[in-house]
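A single chain comes next, written as structure tokens; it is the form predicted alone.
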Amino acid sequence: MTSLLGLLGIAVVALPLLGAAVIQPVAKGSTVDLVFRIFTALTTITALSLAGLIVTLHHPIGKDLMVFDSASALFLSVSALVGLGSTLVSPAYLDSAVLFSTKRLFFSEQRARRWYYLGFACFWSALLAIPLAGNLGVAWLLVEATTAASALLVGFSGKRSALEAGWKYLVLTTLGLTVALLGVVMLYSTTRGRSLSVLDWGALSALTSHAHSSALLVAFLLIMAGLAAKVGWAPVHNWLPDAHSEAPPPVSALLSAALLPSVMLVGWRVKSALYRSVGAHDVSAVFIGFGVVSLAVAVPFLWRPMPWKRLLAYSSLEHMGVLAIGIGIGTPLALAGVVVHLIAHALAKSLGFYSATPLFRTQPRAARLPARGVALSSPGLAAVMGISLGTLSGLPPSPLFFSEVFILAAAFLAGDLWLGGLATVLLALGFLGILHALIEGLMGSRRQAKGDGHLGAGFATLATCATTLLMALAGSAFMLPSSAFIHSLFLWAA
């Protein structure tokens, strides 16, 4: 079993890179799309198969710098599904990019597709590897690897605003990860290790119980402060709105629905490894602090009229805050909320970013101004946007409504009345802001349409599948807190 898990883990990481290599000599755009989709499907099937095997394990397994536990199964599945969806909608974006922005692209029409998929494969491969990383040092390297590939993708269009956003993202997140590296080095020196194996999650948890708690606390704070810049937690979130707004919509979906949670998982693993030595209260307070501040910063922006993708970006700030609060509380009920929130956010946010391509086709000004009256010009597109934004707002009976109820209830049951009350107020204000944007975007005064708002059969099928999954998640949400998966996740986190 262990050997099989290791082989599948290697295959999951290698398949996207292999697909990108295979398409390089291919000239025809439709063939490039088809071949890369085949490798994407193989990657997704392998990742979900690996996640299914991991769930059946009775205890976590570590092998060759890899770890297989309930958290890796959850986050691996999310990254795989988001990557699959982004690949399926990428041809529509590339067609529109070449059509409207050929003069600004760095590559010829034939080469643009191949370079896009190469960057996409490198980014996605690193994302798939992060949940499987069994060593803090390896996890840091993988997070750093996502920066280079995704920064190039953010500036793929060649527009000045995109290049500025990509540079800002590269500089700020690299600076943050440098701070995190200082924490890793300090942690390594504190444990007096003689090899990097001391940074394995299991070894780290065992060895740090004998180390000096104050030094470990400083190392933990440095690591979390650095990772926060990559997660996009306030107040170190400045790159997030620009990068999400300027990146290609399929890449924006990966940034928001896969990258941010994956980096948060690294912080969660550090919390799980150090909480006995540093103190459960201190490590939880860091997550809760980042979560509350992120919610508080996101709310005023959600009340402002913003372009569609920028609105989704600030929604990411809000939802990363909710996940941080749930992880900080750490009870089984809170973790059930985290699981539901993670999956539902990934589905709804990806759907929202995917709809940007047909939205910009029918309302080109929506890239710079708030969308208006979409239901009047494209009812199908309005339905998809409504499902996405309605879910992200926490509108009942969306699964995000249930996940937020779980996390708030966990706060009150844990005796944190101020946290539960403050988070409730901030979530209510965020709900009202997003709901207003939803009403104005769909039913507001009609903006002149200049293009075709038809969704296409592929995108309509993808939207239907995402909606079905959201409904199934909402219907099964109340069974999750008592499930065996949440029990295993709680045992891992504790």
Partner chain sequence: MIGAIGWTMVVLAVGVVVVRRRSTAIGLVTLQALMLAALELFNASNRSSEYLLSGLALLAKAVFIAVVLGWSVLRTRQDRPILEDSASPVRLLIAVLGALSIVALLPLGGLSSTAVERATIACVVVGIFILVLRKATLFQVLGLLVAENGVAFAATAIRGGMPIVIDLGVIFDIFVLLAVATALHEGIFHQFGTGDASVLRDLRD
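Numbering follows the first chain given and starts at 1. These numbers were taken from a predicted model, which means no experiment stands behind them.
What follows is about the form predicted in complex with the partner chain, which we do not show.
In the predicted bound form, none of the heavy atoms of Asp282 sits within 4.5 Å of a heavy atom of the partner chain. Contact check for Ala383: every heavy atom lies farther than 4.5 Å from the partner chain in the predicted bound form. Using a 4.5 angstroms threshold between heavy atoms, Glu164 counts as touching the partner chain in the predicted bound form. Of the heavy atoms in Thr147, some are within 4.5 Å of the partner chain in the predicted bound form.
Among the residues Pro91, Pro332, Gly373, Gly158, the one placing a heavy atom within 4.5 Å of the partner chain in the predicted bound form is Gly158. Per the 4.5 Å heavy atom criterion, the partner chain in the predicted bound form is contacted by stretch 238 to 246, the sole one of 387 to 395, 289 to 297, 125 to 133, 238 to 246. Within 4.5 angstroms of the partner chain in the predicted bound form, the stretch 165 to 186 places a non-hydrogen atom from each of Ala165, Gly166, Trp167, Lys168, Leu170, Val171, Thr174, Leu175, Thr178, Leu181, Leu182, Val185, Met186, taken in sequence order.
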